Structures are given as C-alpha cells and as structure tokens.
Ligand code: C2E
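Before any questions on how it binds or moves, here is one chain, the form predicted on its own, in structure tokens.
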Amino acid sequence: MSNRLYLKYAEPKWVREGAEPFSVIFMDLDNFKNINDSYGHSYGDLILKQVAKRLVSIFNDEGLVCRQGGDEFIILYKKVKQKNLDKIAIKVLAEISKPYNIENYKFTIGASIGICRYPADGDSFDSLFSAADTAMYQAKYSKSNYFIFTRELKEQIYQTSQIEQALHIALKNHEFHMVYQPQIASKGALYGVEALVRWSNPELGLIPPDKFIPIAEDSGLILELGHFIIDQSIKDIAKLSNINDSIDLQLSINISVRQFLEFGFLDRLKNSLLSHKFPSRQLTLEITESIFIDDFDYMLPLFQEIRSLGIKISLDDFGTGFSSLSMLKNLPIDELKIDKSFIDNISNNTQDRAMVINILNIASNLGLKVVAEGIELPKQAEMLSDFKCDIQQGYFYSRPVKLLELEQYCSSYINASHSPANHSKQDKLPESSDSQKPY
C-alpha cells in the first residue's frame, strides 16, 4: 500500500495530456477516534492495517490504494462508469463493516466514501481530492454510505458557503424579521400564533428557512439567531396585547437542540419574559423528537424546570420520528404537533387519515393537546374538527404575516367570530418556500 508521499510523485503518471480517465475514491472511517480514545492507538493501528489489507484485496490491479493519513484512504480506481462505481463502493462498505478481531476484542466500524472522476471533476490531484472529500462529507451525514461528486453538489456547496458568509453579518444588518401564523382552537376561537423567522438579503434575495436554518445549526450561528427569534417574538406578541387587551395569544417558538444546550438558555428566556412582561403560561416551546432521543438524560431536568415556570412544551412534527409509546408517556410535554405530510392527503388517503385519528386518540389518553399544521383546504379543516383536533394551523386560516397584519387579522377575527368550518382563506397561497416547515 502506498502513502501520501507516493501520491505526490505519482501525479504526472495519472494526470497528463492523453491520460486515461480514472476515479478517485476518498474513504474515511466512521467514529474511528472513539476506538483510539477508548482502547489506545495501538489497537487503532492494528485495525488500520486490517483495513488496508482489505482495500488492497478488493482493488487488486484495478486501483492504487494509498493511506492519506489518520483514518483516511485514497484509492485511484481505473474505472469511471456509474455502475462500476456503485458496485465497488457497495463492496468496500460491506467489506470494511465486517468485524475486526484484535486480541480478545471484536470491533465493528463503518466508513463514508466520496467519489469523483478525472477529468470531469478536476485536472490535478489537489482539485480531485477536494471534490472527492466534498462528496465524502455528504456521505458522512448518513454514515456507512457513499456519494458521487456532481456539478450540482459543487453548486450547492458554493451556495451554502455564500449563505454562511452572509449569515455572519445578517443580524447586525437587521436582515431578519419575524412573521406569525395564527392557530385556531376547535371551537373557532383564535388560540395563538407560531413565530417564524424570515431572511431577506440584499444580494441573495429572500432565502427560505429550510436553506439557512440547517447552515446556521452547523455553523453555530443558530445561537445568535435564536436569541433574536425569542426576544423579538416575545416583544412583538407582548406589544400586541398592550395595543388591544382583547387579544390574548399563545406564542409558539421553535427551539433547536443547540439552543437548549447553550449555557444560560433558561436564564435568558426568563429575562426576556420579564423584560417584556409576557406571561410564561402563554409561551410554548416547540421541539423535535430527536432532542429526547439523543440527549434525554440531560434534557429531562431542563424541561421539567421549564414546565415548572408554566411554559408549555410541544413535540413538533410528531409521527415522522421514532418516539415509542412507552417513551411518549414519560416525556414532560403538553402538546403534539401533527406533521403537515399527514394532513396533505387526509381527505383521500385512508392510511394518513387513520394515522391522524390514532395520534388524536393517543394524545387524548395522555391528556395532551394536538395541533394540526399545514391545513390548506376546507375539507381538511372540517375533518379535523370532526375528529376533535384541539388546534388548527395553516393557509386555510392565514399565511404567516408580519406584526401589523397580525394585529388587523386578530381584530377582524375576534369581531367576526368565525368558526373553522366556515372560515375562508385570508390570502391565496404564496410561493412554496413559505408552505414548508419553517422556523
């Protein structure tokens, strides 16, 4: 097996005028650091030697296997056709995942693989290795997987980089603003609103939340953005109540796991409530199931403290995750929020309808409220009312609106006292980016 130094001198042989096309396979072992940390580098080195032997046996004379460093390997593979790349990647993943017997221990590891092709994806080892590395990091999101570099991926990464750079100054430049989507109770009363953040950048235009929120999460900027969302939302809805004392809204805010894990999160939240004189009983924090699954022991005391303040907790996108019934009954939550994907076809898909009814029955047995989001059609609203769904939210009632529009909406809704079944849309559906689940 060759090393990184060999690659430096081998480049003129592989990359030159008239050279045959080839593929670069960049492989990184998943969670290998845990083995070194737990058992020592001597065990890790023995595993790396076995990995190298397996790779050499797979590629034989069809590729050059090199150790890039650490737990990374680069293979120069003499085939470039899609079917060959799919086949070899699956074979490598299967072989690498087989157990490693080291002394009295048995280890199992996985790998993530990125693949690119010469000359389509680069004209030098540096550019090819960069492309393969980029593809490998895409595979890392699901682990024990492979990803083949594409021009679309390159463009996506460029856009991501643009958004991340713009995010760093967006708050300072006041580019974010809040909108609010009304929630309607089963009896037709105006119940509350969900706070949703929007971003308009001078150069990039209106950027959908499903584009910038994940980037903010990965870069750590979600903490600063989260401070803005919480403070601005509480300030806005408190202001609305001061303007019109007949408006008494519940406020729902999406909170990410990074925000919950931030030191002093609860103190900041309490200070925001106090400074704007907003009752804690009117605040609901929306969370995802993954928070409980990944960090249950840490989160449980925090959520119990949050609820002791009168703040409610809602389990967002329920039905799309992995919560078991035994786990659900032990969670310190007040509300389940049915994902829009179940509501879309509730009127013509018996399975989705059955799922919604089952969620409502489970919630009723556990003493939880249920919010159905993504309601766009009268039939959906009517069926959910018949099913005794507690709260409804969606474009059938209103699109997300700015504070001034929300004040007008609340005043007209309270005066009209419309019921869900008879209520008409406030506006036509806007662009699809706003109908997706935003923050």
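Don't overthink the numbering: it's just position in the shown sequence, from 1. As the structure is a prediction and not an experimental result, all values here were calculated from the model.
Heads up, the form predicted in complex with this ligand isn't pictured, but that's what we're talking about next.
Chemist: Note which of 117, 312, 198, 369 lies within 4.5 Å of this ligand in the model of the complex, where distance is taken over heavy atoms; exactly one does.
Modeler: Among 117, 312, 198, 369, a heavy atom within 4.5 Å of this ligand in the model of the complex occurs only for 198.
Chemist: Ok, 32, 395, 413, 59: which has a heavy atom sitting within 4.5 Å of this ligand in the model of the complex?
Modeler: Looking at the other structure, the residue within range turns out to be 395.
Chemist: Quick check: do 229, 373 and 400 each get a heavy atom within 4.5 Å of this ligand in the model of the complex?
Modeler: All of them do, each having a heavy atom within 4.5 Å of the partner.
Chemist: Would you point out which of 328 to 336, 175 to 183, 241 to 249, 349 to 357 contains residues with a non-hydrogen atom within 4.5 Å of this ligand in the model of the complex?
Modeler: Heavy atoms within 4.5 Å of this ligand in the model of the complex occur in 175 to 183.
Chemist: Considering only heavy atoms, tell me if residue 256 and this ligand come within 4.5 Å of each other in the model of the complex.
Modeler: The answer is yes: residue 256 has a heavy atom within 4.5 Å of this ligand.
Chemist: Using the partner position in the model of the complex, report whether residue 88 sits within 4.5 Å of this ligand, counting heavy atoms only.
Modeler: Although this ligand is absent here, residue 88 would stay clear of it in the model of the complex, with no heavy atoms inside 4.5 Å.
Chemist: Wondering, does residue 210 line up within 4.5 Å of this ligand in the model of the complex on heavy atoms?
Modeler: Output for residue 210 is yes: heavy atoms within 4.5 Å of this ligand.
Chemist: Quick one: is residue 317 in contact with this ligand in the model of the complex, heavy atoms, 4.5 Å cut-off?
Modeler: Contact with this ligand, yes.
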